[in-house]
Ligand SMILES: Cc1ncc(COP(=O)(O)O)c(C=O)c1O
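The chain below stands alone and is given as structure tokens, in the form predicted alone.
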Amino acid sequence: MATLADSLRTELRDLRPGARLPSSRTLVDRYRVSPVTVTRAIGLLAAEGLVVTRPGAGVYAADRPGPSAGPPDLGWQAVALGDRAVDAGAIGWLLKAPPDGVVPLSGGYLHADLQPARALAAAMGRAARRPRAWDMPPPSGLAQLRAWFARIAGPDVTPGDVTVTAGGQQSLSTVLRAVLAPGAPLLVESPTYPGALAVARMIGLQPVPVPIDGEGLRPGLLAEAFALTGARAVYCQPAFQNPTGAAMGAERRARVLDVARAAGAFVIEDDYARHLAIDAAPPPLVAQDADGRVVHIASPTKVVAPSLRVSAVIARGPVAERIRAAQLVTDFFPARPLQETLLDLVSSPGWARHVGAVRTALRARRDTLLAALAGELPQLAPSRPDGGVHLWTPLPGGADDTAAAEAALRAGVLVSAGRPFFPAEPPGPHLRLSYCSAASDGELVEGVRRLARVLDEP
């Protein structure tokens, strides 16, 4: 079909606008192709605006556009748009596929071999055939799906506390818009998820760094940051923090909540890795929240597939009503077929088996990556997380993590420089190494070999 379309494009150059093309029968005989191929080639040319089809009369060459006067002058838009910028580059690199032949030690989604593709396809097929599958869902989400999210979050969380949303990133945007006014400070872990920084800056918030340790937010520094800034919210990832893998213990979670309570502030809990625990995940903060202080974002996307954009926000009181209103104003609701698909998937007997298989695979991959780093780059001291999909490692003093990541890509391995994860100046160079996106253990080992050749260079 493509060959025939190319031939007809050449033929059209010699025809005046309005001239009739040969009949389909003539084209079949001339090019020795089937009538179906001719029909498809004509359809492609029509979509390109090169021909016009007239039922019962034939196919005709379309009018040709006149000569262009040059590229349009779009400079006026700079004045109309003003000085506000939306920097998608801060997260666009996280979604970019690696070039062919490059080992991916970056990325936050499971390799295709770890995704439940067959179960997901079957669930979507069943969901699409359900009565009213394409109707408008309840504004807060399907009742059974809300109940599932509530059970995962804790015994005191009710379905009425849950609003189903269209993915973790959309949830974060909705929550931040609902909770804080433009110009307000937002306390964030340092380092933290770059997508949170990008959203905060896009809507005019001021991210303020709070340093973390192996258990996440440091309560003393958090209290100081609240006192200095007057902030009314802190964003954090208490379970397997991105990028460090830190997980808050029970005492640390209680102290963080106490600090937020004393400051009269919300805790925005991004629970993106709940289903990626290698061992047991710590209970979410919302499970021990007695006064509606925690706004909890729950997302199963990471353990399923990138395009299953269904998540939930759990909140209580006036903030919950504001979040629901914000979603209605900006997004209406997540597509019902996707909600039905997720509900079917997590209600099936295979769901627990899938999550267990992913955890087993992530344990093996984490250990393989750590062993390869110990053998090839013993000078590094990477984290050893109990869940999530990333290792976080400082680089030797004086190293340039951005330059190292660029050199690694040229050597055939994709890694993440640490600098974009810091809301302000980083205390030192770091790399984030992911173990979920590579095709196999062998590819992880090969990626470390390539990285070692770069980092060992004088």
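In this text, residue numbers run from 1 along the sequence as written. Given the structure is predicted, the values throughout are model-derived calculations rather than measurements.
Keep in mind that the form predicted together with the named molecule is missing from the display, and what follows is about it.
A heavy atom within 4.5 Å of the named molecule in the predicted complex is found for exactly one of Gln169, Ser383, Thr368, Ser190: Gln169. Of the candidates Gln327, Asn242, Ser106, Thr163, Asn242 is the one whose heavy atoms come within 4.5 Å of the named molecule in the predicted complex; the others do not. Proximity of Gln237 to the named molecule in the predicted complex falls within the 4.5 Å heavy atom cutoff. By the criterion of a heavy atom within 4.5 Å, Phe149 is excluded from the residues contacting the named molecule in the predicted complex.
Not displayed here, the named molecule is approached by Lys302 to within 4.5 Å at the level of heavy atoms in the predicted complex. Arg130 falls outside the set of residues with a heavy atom inside 4.5 Å of the named molecule in the predicted complex. Comparing 115 to 123, 264 to 272, 79 to 87, 374 to 382 against the named molecule in the predicted complex, the single stretch with non-hydrogen atoms within 4.5 angstroms of it is 264 to 272. Contact residues in stretch 303 to 319 (any heavy atom within 4.5 Å of the named molecule, taken in the predicted complex) are limited to Arg309.
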